[in-house]
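Here you'll find one protein chain in two forms, each presented separately as structure tokens under the names structure 1 and structure 2.
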Structure 1
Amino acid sequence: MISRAEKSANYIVLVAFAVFALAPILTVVQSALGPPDEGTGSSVAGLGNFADAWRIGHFGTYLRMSVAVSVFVVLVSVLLSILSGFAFGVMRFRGSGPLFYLFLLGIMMPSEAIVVPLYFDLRSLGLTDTFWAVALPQVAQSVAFGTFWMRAYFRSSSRALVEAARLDGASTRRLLWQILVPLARPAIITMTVLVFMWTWNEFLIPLVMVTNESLRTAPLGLAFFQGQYTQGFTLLAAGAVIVATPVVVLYLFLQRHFIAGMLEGAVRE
């Protein structure tokens, strides 16, 4: 049993960490709702700052690009990760071990180490300054993590369930999509949230791969907004809130499944 003193100490530590994590966020939100910067030509504070940031910073264009890239990367990488995770976690074939470790290189290799040669490879294919130059490298990175994630889940799934399905004559396709995938819903949703968050926040790949303003993603557009359109902090804070809102909304909408997916391995026998 946990004593009252230990419980109180736990709450104090949790509150301290919560304040430490939320204070910068609240500061940015408070600044975004504050008086407008001088020279913006606006006298409307509060929500008017978001309207000015949206108009001056062209965030509508940047958000559309970020949504398109994130949705494409999430859909393709989740599908490929489920297939590859099932192959490495359930199926048995020659060379699966070395091939899986080859996939892990995508996790261990930072973007900074490959972005320059990747740029020249894509330029030789005529793909730089296109949607594919932003999306395809992130699909590769996300599939590397997703394969590791789904392999771990499928390997921890009930072997008795898999064997029973095979004894009942279930095909490999039915075993995956009708038996294992429905049970893996929390893990898949957790992977979806993580991939979406990483893709949305990616800065280096769009910075190197595209120069066309219409192909800038939201974080990249925010950086250019800071240098080109405003020197004040109020509109910059409003722009930061606009860029961060989609990720926050997605997490709040899926937080129960996200936490369940993170904790599922701890309660699995």
Structure 2
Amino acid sequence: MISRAEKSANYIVLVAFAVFALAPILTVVQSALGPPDEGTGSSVAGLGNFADAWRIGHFGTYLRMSVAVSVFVVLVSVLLSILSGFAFGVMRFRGSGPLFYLFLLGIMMPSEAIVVPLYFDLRSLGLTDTFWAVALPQVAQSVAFGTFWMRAYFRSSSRALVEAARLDGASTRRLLWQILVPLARPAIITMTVLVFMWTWNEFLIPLVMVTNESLRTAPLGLAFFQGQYTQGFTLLAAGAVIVATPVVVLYLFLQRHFIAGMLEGAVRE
């Protein structure tokens, strides 16, 4: 049996660690809601700071770009990953082994390795400083992960189902979209959340690929705002909250699902 003393010690550990994890985040939220910095022209504490950050820090523009990039990357890479994961997980074909390892390479590869040549090649094509230069490299990274993710799912759960469907004469397309994809919904949702989170939070690729201010994503905008805006911390904190909120809200809504999916995926690796 576990003693009462050990049980209360457990709660102390839990609370202490939760405080440790939350404190820096709460510091930012608290500053963002605090009294405004001098010289911003606003005297309304709290929500006024967000309005000021929105106006002075151009976060509206940055959020629009982040939403556009994230939605594009999620839609395209989830679709492509379902297709390629289906091929690897359900079909047999010549070269599937080596091809799969090629995709695996992309999961390990740091952006740092590819961003340099990518920048100079895209520049010579006149594609830097465009939406595509930010979005397409991230589609490629997410497809690497998504292929791996969907392959594992399709492989583990569908052998008998696939054979039954085949015997019933279902076409390959029907098999994928009407039988496997509806069943794979949890795996697809987890992948969507992960890809959205990574894309929203990505920093290096947008930093290198765009100089045009209107093409900056939210994290990039925040980093530049920090560089330019040096009076006080309130507005910077408000900007930080604006950048973090979309992912945090999504996470809080789907956290059960998300943590389970993340653990499952990690252990399956």
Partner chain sequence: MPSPRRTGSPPGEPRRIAYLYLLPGFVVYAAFLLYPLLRAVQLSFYDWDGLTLGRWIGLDNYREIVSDESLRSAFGHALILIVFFAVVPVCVGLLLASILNRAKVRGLPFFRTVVFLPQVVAMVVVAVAWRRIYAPDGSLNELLGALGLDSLQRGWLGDYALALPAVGFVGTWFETGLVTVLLLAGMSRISGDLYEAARLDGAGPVREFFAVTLPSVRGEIAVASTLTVIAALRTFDLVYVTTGGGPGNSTSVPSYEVYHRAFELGRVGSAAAVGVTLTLVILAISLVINRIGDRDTAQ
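Residue 1 is the first residue of structure 1, and the numbers go on in sequence order from there. Here the structure is a predicted model, which means the values were calculated and not measured. Rigid core: the largest C-alpha set superposing within 1.5 Å between the two forms.
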{"property": "Which of the two shown structures is the form predicted alone", "result": "1"}
{"property": "Shift in Å of the C-alpha at Asn10 between structures 1 and 2 after core superposition", "result": "5.4"}
{"property": "Angstrom displacement of the CA atom of Phe253 between structures 1 and 2, core fixed", "result": "3.3"}
